[in-house]
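Next up: just one chain, as structure tokens, the form predicted alone.
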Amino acid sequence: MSLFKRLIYYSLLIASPILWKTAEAQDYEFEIPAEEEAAKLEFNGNLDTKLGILQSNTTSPVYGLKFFGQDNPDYLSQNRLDFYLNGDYRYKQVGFTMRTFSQYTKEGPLELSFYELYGSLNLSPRLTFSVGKRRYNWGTGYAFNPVGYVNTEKDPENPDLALAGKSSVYLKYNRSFSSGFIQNLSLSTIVLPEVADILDKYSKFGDLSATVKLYVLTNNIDLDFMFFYGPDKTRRYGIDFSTNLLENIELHGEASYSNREELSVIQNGAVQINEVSGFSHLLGLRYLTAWNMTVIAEYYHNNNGLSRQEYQDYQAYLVNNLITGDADLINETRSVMTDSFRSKNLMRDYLYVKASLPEPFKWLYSSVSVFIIYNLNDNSFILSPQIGYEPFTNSEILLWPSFLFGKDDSEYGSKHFRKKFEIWFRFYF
């Protein structure tokens, strides 16, 4: 069965029971002539100056590999400029979106990279089409998204950080109903070409990935049903939901089943690729207290993560290669770290909790928050408070320390730093 036929088959299979229930719902439509719209062009952005001081974890093999052959100071500094420039153009049914990012860390040319660059077309009031590099945010989780098949992986330490999108072709059909079991329904299809690796210009046609998502709003519950088909016949099936239990309590969750997903482990001192199948899932809530504090709590299970023993084997592999002092072997080990163990959350079970409060003690234009990411497999964690202040319009100052705790062979205890203190100066326009 061809890829296209598979997508049609699974889309109809998922949608058929819901569409059957909505067949008898009355659908009222009123066509109101639209006024002539003028072309609209908007630009905005921000400049972030980030200054950081890091206390090195000199006993960490990650630290030793990163800075092999370099000085090994107890403290490191990090200074950089991040510049974001966004542009949007709209005229009738046509749109164009641009999101750029540039980072300056040392003397040299300043190069723009495009986080998003795509054109969109409203083919009808219900049908939208876009093509280009675009960001997606599938899933209801705040720090983790097991159903984020088309997302760029989030950094759970900074889930709101802007990330680069993916080259894709996007088609969405949306329909609302005035009565019945379903209030709103949409069907989205995304096709993602593989990154060019043949002469840096071409990729294999068979490496195309495709996803389908069916969104349903029923009884004030947001539901998504997802299917992903990727290279090497990798398939994933996902569902997420979000609903308000009370006016100030929101419950959300995600579940994803994958088959033949690759997992890198260390066996007999070498990297081995295993295929794993099973469920990843997340359950979380968002709670707004009477004094305007927002609390987010999430539990995340990563089926494609390492067990405690597998992570310890990985750490032993790093240590054994580091103590050889062999420059070629150390470079090879660095590549393994980057290519096979690059995930922001390498292990299986995590707990994320964040509390944030605007204008504490009635301090105007300020905010405070604190979050913890706790690794339930090895009891290591990161604790990070934040203090923000807006002294003037379109400006912000953020103080952001981070503290890591855990044994030397644990995930957070083996990071290349123990403590980090950052101060951000942000300017908007």
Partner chain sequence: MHIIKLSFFVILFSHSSFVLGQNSLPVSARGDEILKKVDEVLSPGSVEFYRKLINVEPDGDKKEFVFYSVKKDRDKVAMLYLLPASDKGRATLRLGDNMWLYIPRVGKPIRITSMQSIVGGVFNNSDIMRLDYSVEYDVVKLDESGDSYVLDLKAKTRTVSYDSLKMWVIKKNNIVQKVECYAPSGKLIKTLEFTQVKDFGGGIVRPAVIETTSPLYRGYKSVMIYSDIKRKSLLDEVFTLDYLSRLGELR
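Positions refer to the first chain, counted from 1. From a predicted model like this one, the values you see are computed outputs, not experimental measurements.
The same protein also exists as the form predicted together with the partner chain; that form is not shown, yet it is the one meant from here on.
Only one of E247, D339, D71, D74 lies close to the partner chain in the model of the complex, with a heavy atom inside 4.5 Å, and it is E247. K154 is the sole member of H281, R348, K154, R236 with a non-hydrogen atom within 4.5 Å of the partner chain in the model of the complex. Taking the partner from elsewhere, every residue among N137, N145 and R175 has a non-hydrogen atom within 4.5 angstroms of the partner chain in the model of the complex. At the 4.5 Å threshold, heavy atoms of T324 stay clear of the partner chain in the model of the complex, well away from it. Contact check for N220: a heavy atom falls within 4.5 Å of the partner chain in the model of the complex. In the model of the complex, P125 approaches the partner chain with a heavy atom inside 4.5 Å. Though the partner is left out of this view, T59 does not reach within 4.5 Å of the partner chain in the model of the complex, counting heavy atoms only. Of the candidate stretches 316 to 324, 264 to 272, 116 to 124, 330 to 338, only 116 to 124 contains residues with a heavy atom within 4.5 Å of the partner chain in the model of the complex. Residues are counted as partner-facing when one of their heavy atoms sits within 4.5 Å of the partner chain in the model of the complex; in 377 to 398 these are E390, T393, N394, in sequence order.
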